[in-house]
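The chain below stands alone and is given in structure tokens; this is the form predicted on its own.
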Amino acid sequence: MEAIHGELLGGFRERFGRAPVVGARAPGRVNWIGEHTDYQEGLVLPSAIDRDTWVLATPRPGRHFRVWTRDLDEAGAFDVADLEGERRGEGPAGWLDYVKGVVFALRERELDVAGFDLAIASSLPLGSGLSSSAALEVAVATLLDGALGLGLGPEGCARVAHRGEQRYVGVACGILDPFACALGRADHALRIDCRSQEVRPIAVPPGRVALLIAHSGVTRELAASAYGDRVAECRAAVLAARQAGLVPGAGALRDLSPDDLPALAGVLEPTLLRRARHVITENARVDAFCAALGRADLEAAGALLVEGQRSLAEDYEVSIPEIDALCADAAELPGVYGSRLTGAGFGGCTLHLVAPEAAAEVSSALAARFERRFGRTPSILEARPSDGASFVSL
């Protein structure tokens, strides 16, 4: 058990006056490539990482939840019955809403959910783009699945987490985050087809690559950001292409290829064309990246990251100056194959594909350059592709 689990045990006893009897952990995730494609039924390539969210719990009478988060030292409570048929109100979501969303989604499936005392702790930085919210949701779903014998399994828990975030929390997200957190596999990335929902592990060349993740220090709230605008713009682009007869049966940008871009330029206004161009070309980059990993061509893989970052910055407009600087500075350092933002953007983290022997020096140099530019030191961690969520009896 990792240290965070042991620390949470003591906090649970102090908070609730008794010991937990079950627990679950779910990792964060980093998306290697395939950004803003999931909600257009496209391709993504995430991996779970070796940073986790833990939840510990013990049953209580009735259907009341008492919940405490160690990281914020905040508590909340709710009754399962109060969530039936209800949606969260307007405004930014709070941490408790993600727990409620999972229970809400289970009740939508007409599954009986008993009450629990539940405590949460995480080694994932909030708002970093490493899916702290999905890790929490998947951890809670995994705990309730194991404790109540719901029979969901990892994929079912991922679907419950996704449903809760969409329908209760109110974020129009795709399946990328919960699938990566629930189904991760050590030393592999996951090629996820967000239309068929097929998951194919892609081996990372052993001993050939290190993943550095640098936090820009800028956090963002997806539900209150331009994320929803991008979702709407993609839908508008699909509708315009279909109405113009370019791809009559198109249901998503997944149905268009780079060959369609010249025709799209004639029917889409400039902003919608840029959004569509990013998603269409990003889908192509995912399979090209998988092929590069398969032949251990890390230079080619890195070039695809750079190309993807340019598209995210210029066509999708979700980068920020701190992210741009981290990527540009890393490009000048020996041993860096390529860099890009990871996550939805508007803040969060960058991913850097680095030769293992250069990782420490790159991390130090990148932090020093960032501090000179912005007057603060970024958090930089080295991550490994890791296994997905798991349940434990204590």
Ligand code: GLA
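Numbers for residues come from their place in the sequence shown, where the first is 1. Keep in mind it's a predicted model, so treat the numbers as computed, not measured.
Just so it is clear, the following notes concern the form predicted in complex with this ligand, a form of the same protein that is not shown.
Comparing 364 to 372, 58 to 66, 330 to 338, 30 to 38 against this ligand in the predicted bound form, the single stretch with non-hydrogen atoms within 4.5 angstroms of it is 30 to 38. Contact annotation: Phe78 falls outside 4.5 Å of this ligand in the predicted bound form, judged by heavy atom distances. Proximity of Pro201 to this ligand in the predicted bound form falls outside the 4.5 Å heavy atom cutoff.
For the chain shown alone, Leu176 is a contact residue for this ligand in the predicted bound form, at least one non-hydrogen atom being within 4.5 angstroms. Interface membership of Pro46, defined by any non-hydrogen atom within 4.5 Å of this ligand in the predicted bound form, is ruled out. Residues of 298 to 316 placing a heavy atom within 4.5 Å of this ligand in the predicted bound form: none.
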